[in-house]
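Taking the form predicted on its own, here's one chain by itself in structure tokens.
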């Protein structure tokens, strides 16, 4: 096996994982950073995005591209609206208490999971990609006569996977622009820094919390819509994204969006490379060990601020 071409394939596959993981983890990090709420139901919002994508895409029959575009818009908005409703009905009523919100979101997790099982069923179901051209991966081989370009047999990636990477980058840039260049981003950051001072200045903190909770869930749903043509929609698919998102947020630093993106790249790329050359199980083990090392030697995370 040629090491170089297979390494390039592993890096590209890892980049797809990192792209989807970045969106999911940024949503979780945003909720914790602004609200100080650990949303254990975050993975189920991811799952809902995939299941709704299957329903919406199926409503358009044979028009795969049209159905997928509709799912890309409608599913995140619908999941975001559900999250806002959950915030108003549940989290607001318990005063966003850290301990009680963990219990409440665990309950929400099981409610969403079981309702999906009863309505959607236990089967894993695919969603057709809007385009899926296979692209051969080129490689430069250096010989005595100089560099030569060739295409290793059987090594390729689909155009849709490359589009997922590009879409995730665009969305992350948009999130950064919203947080740093808009009034609503300024309000979110003010609420994050000092809730009581934000209230004193007339900022409707509870509305900000509902918006942030919905926005975080919508990002998770968007990530699910992007990945479901590669994997499949299933009512138990929220577990791995939730676990990996927690790993990423801990490594990057609780509430740090740049740290979350860097940690997602680290975990995603390493997962791709280790899965191709060794096994996916080993990749998960090493990610867990990395969390343990971070908690021991840098509890605030790679980009988190040390507590005063």
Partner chain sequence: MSRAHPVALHLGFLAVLFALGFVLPDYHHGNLARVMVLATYAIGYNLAFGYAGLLSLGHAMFFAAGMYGMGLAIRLFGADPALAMLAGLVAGLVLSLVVGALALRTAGVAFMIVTLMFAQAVYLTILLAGEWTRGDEGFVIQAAERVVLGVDLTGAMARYFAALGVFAVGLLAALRLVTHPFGKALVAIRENEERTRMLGYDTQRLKLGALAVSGTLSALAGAAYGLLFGYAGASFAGVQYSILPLLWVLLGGAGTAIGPFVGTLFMFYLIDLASGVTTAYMLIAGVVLVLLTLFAPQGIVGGARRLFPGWFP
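Numbering follows the first chain given and starts at 1. Owing to the predicted nature of the structure, the values given are computational and were not obtained by experimental measurement. Between two forms, the rigid core is the largest collection of C-alphas that superpose within 1.5 Å.
One more form of this protein exists, namely the form predicted in complex with its partner chain; it is left out here, but the text below deals with it.
> Using a 4.5 Å heavy atom cut-off, which stretch among 258 to 266, 32 to 40, 65 to 73, 45 to 53 contacts its partner chain in the model of the complex?
The contacting stretch is 32 to 40.
> According to a 4.5 angstroms non-hydrogen atom cut-off, is residue 114 in contact with its partner chain in the model of the complex?
Yes, contact at 4.5 Å.
> Heavy atoms within 4.5 Å of its partner chain in the model of the complex: does residue 179 have any?
Because no heavy atom of residue 179 falls inside 4.5 Å of its partner chain in the model of the complex, the answer is no.
> Could you confirm whether residue 90 comes within 4.5 Å of its partner chain in the model of the complex, counting heavy atoms only?
Residue 90: contacts its partner chain in the model of the complex.
> Please determine whether residue 204 contacts its partner chain in the model of the complex, using a 4.5 Å cut-off between heavy atoms.
No, no contact at 4.5 Å.
> Taking 163, 186 and 303 as a possible spot, do all three reach its partner chain in the model of the complex with a heavy atom inside 4.5 Å?
Not a single listed residue reaches its partner chain in the model of the complex, so no.
> Within 4.5 Å of its partner chain in the model of the complex, heavy atoms considered, which of 169, 94, 81, 197?
Here the answer is residue option 94.
> So which of 190, 108, 210, 175 gets a non-hydrogen atom within 4.5 Å of its partner chain in the model of the complex?
Filtering the options by heavy-atom distance leaves 108.
> Is the C-alpha displacement of residue 69 equal to or greater than 2 Å between the shown form and the other one once the rigid core has been superposed?
For residue 69, whose C-alpha is compared between the shown form and the other one after core superposition, the shift is less than 2 Å.
> Once you overlay the rigid core, does the Cα of residue 280 travel 2 Å or further between the shown form and the other one?
Yes, the C-alpha position differs by at least 2 Å between the shown form and the other one.
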